[in-house]
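Structure 1 and structure 2 below are the same protein chain in two forms, each given by itself as structure tokens.
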Structure 1
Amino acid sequence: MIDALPLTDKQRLTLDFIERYIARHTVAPKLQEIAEGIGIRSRGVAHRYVQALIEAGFISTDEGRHRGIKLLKPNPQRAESILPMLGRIAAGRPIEAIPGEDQIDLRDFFGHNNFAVRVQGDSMIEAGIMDGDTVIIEFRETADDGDIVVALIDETETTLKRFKRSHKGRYIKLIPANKEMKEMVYEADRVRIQGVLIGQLRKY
């Protein structure tokens, strides 16, 4: 039974909700709260999902006890790509979550066609992209005006710039975000898009 037995959509939603609830309140939710949290009205149905999650080995319960749900395996995928998102850091209590937006999920960064590039130079500094930063690129061959792209020029030089077509697509502008640099214009066939910027990160 090493199989990661698959959860249905609602079961997964239920597990998510329970994890978030416990993270925020330190106690487990009631069935009524679970029901509302996943958008249904029946405690009975919520209970069914909880049972399925026990079956699947994700949680356990003190049978009968109120708020008796316990997490068994802190979901590995979640644990590694989700951070609690906190808003204000208020006086008495150390931290306070922003209602609604309470997690940051980095799985977007790990898509199949994504890769990371270390930035060299200051050409995009006014867009907040600094020398040494890491940018996440989705591998694509097309881009929309305004996207920040990795562009290959004359099959030799690679650069990170904002993309814009001009002259009905016959020319392509590559626009730096740095007042001290000028935008460059190339014939369209000299420029090949390698990917589009979807994220950026930095370590201190």
Structure 2
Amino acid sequence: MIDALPLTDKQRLTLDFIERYIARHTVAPKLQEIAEGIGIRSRGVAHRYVQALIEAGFISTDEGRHRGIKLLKPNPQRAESILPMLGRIAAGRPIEAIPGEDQIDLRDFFGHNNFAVRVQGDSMIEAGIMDGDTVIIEFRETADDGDIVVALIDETETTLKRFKRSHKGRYIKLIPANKEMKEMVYEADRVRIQGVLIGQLRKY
């Protein structure tokens, strides 16, 4: 039977995202939101993952609705202690986060509403975040001044920086923790928060 087949890593990541999104927003995500949520750019690829979940019996869709995904059963392969490794993120100049294939088993240390990214660059070294470190990010769409965040700029570039609002919220400052680097300032509508730093891993 199709629903007896194990899900691939990407299919499980997609199902996990759909479950989290519905739990948080009480409505289903659109394809574009699914693509962004699992770290890809293609709606077509996201549609293939969704179709695979339909065929496996985990979800159904109402073709007449934009948010027509319905959960039919929970993911039996979901491991609450395993975080998806979504890719690499810049701690220097912003670059696009690249989807990866790895997972990190943290045995419930950080909880389940999180993901991991590996840092590239040295713009956060004065915050103790070094090139090659793995940081644990809590999925969040808002942040407080002073938080270290994953920020999506212009829907294309992702970076790890300290967050600060300025000019009555009209602008967002993304501040490096490296005195040799300048802060970046963007109009608020150009920046979307994807998560807030809650932990860090380093291998010596």
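Residue positions are counted from 1 along structure 1's sequence. Between two forms, the rigid core is defined as the largest C-alpha subset superposing within 1.5 Å. Treat the numbers as computed from the prediction; the structure is a model and nothing was measured.
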(message) I need to confirm something. Of structure 1 and structure 2, which is the form predicted in complex with the DNA?
(response) 1
(request) Look at residue 165 and decide if its Cα position differs by 2 Å or more between the two structures after superposing on the rigid core. (result) no
(message) Superposing on the rigid core, I want to see if residue 13 changes position between the two structures - specifically a Cα shift of 2 Å or more.
(response) yes
(message) Looking at residue 50, what is the CA displacement between the two structures after core superposition, in angstrom?
(response) 48.3
